[in-house]
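In the block that follows, a single chain appears as structure tokens, in the form predicted on its own.
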């Protein structure tokens, strides 16, 4: 496993002994710097997330995209301490000037829900089947000294806010009484109950029908704008990203291979992997189920090939690509790529 990387210049980390009020007052942004996660594998510890950096800008949606196994969900869960106990994590997750990676479990429990909330992929497993939807929302509020009557009233407001009809009646329903789309709306209501400023949405529409997906994505976009939230959307679906993401972080084999404004990245990719993802998106005008399939299999982060991890699948690969790991560098203002030949793609 490689040595830990130094923190970027200019980033400060306040100690765990800082007063609670000063922590919260300084928490105006969420920045990820050189996040590295190592897990035990067949050959010892392997960095399955390797040096990932990005910002969650206020009022914007940052899309984290890549094939299965790219490390995107593990990256998102690390922001709120939901990584395996066997993981070794380094780098910085800066909430304002506080590094959450060194904040301790008690502090992370305070952050979850109140500062950063998670919308999980499958609400059927994330929601408690033995509790009503109203009680699950209320459980978040009771810890803040809110009475049960006030919590129920607030739960109704939140269910109305996410578009659940007849919320005053449905607040007493159990998760199995909701459809898939309604359960996901209830999950979003739970995420909003603590009035967070950051939402992590991990594949929030994967288990839903296409028409329901569109409504959930529109809902997330509306809530982001109305509540001025910062959102991290994790998905493997480029069509989802093109619909809602403002900024895009493309991951491959645990590393960031491209970063930039979503519309620009999708229009003019500066990494061969991003370009291959764009070409693989099917269209209703194309007879094939996949427009231009990406050949080969994703690189195994536990056993990456030498050099650029994408080189076995890349049509542009040269000898340099098989021996030298390309650095993520700025090719144009706001555009970063980890390809030796990114300038030729621009």
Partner chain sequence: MLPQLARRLGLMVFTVWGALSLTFVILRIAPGDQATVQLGPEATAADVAALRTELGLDRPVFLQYLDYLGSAVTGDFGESYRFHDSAMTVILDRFPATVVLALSATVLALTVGLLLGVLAGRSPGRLTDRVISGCTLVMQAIPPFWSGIMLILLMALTLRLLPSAGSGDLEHLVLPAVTLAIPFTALVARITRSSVAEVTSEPYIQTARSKGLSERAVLTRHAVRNSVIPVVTMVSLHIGTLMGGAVIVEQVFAWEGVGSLLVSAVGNRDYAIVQGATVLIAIIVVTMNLLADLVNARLDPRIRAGVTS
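In this text the structure is predicted, and so the values were computed from the model without any measurement. Positions refer to the first chain, counted from 1.
One more form of this protein, predicted in complex with the partner chain, exists but is not displayed; see below.
J.: Does the 4.5 Å heavy atom contact test between residue 190 and the partner chain in the predicted bound form come out positive?
T.: Output for residue 190 is yes: heavy atoms within 4.5 Å of the partner chain.
J.: Hey, in the predicted bound form, does residue 136 get a heavy atom within 4.5 angstroms of the partner chain?
T.: Judged by the heavy-atom cut-off of 4.5 Å, residue 136 is in contact with the partner chain in the predicted bound form.
J.: So in the predicted bound form, does residue 226 come within 4.5 Å of the partner chain, heavy atom to heavy atom?
T.: Outside the cut-off, so no.
J.: With the cut-off set at 4.5 Å between non-hydrogen atoms, does residue 125 touch the partner chain in the predicted bound form?
T.: Yes, contact at 4.5 Å.
J.: Thinking of the partner chain in the predicted bound form, which stretch from 243 to 251, 271 to 279, 106 to 114, 153 to 161 has heavy atoms inside 4.5 Å of it?
T.: Residues of 106 to 114 come within 4.5 Å of the partner.
J.: Between the options 79, 171, 118, 262, which residue brings a heavy atom to within 4.5 Å of the partner chain in the predicted bound form?
T.: By the 4.5 Å heavy-atom cutoff, the listed residue in contact is 118.
J.: Between the options 220, 140, 234, 95, which residue brings a heavy atom to within 4.5 Å of the partner chain in the predicted bound form?
T.: Only one option qualifies, and that one is 140.
J.: Using a 4.5 Å cut-off on heavy atoms, which residues of 229 to 266 contact the partner chain in the predicted bound form?
T.: Going through 229 to 266 in order - heavy atoms within 4.5 Å of the partner chain in the predicted bound form - there are no hits.
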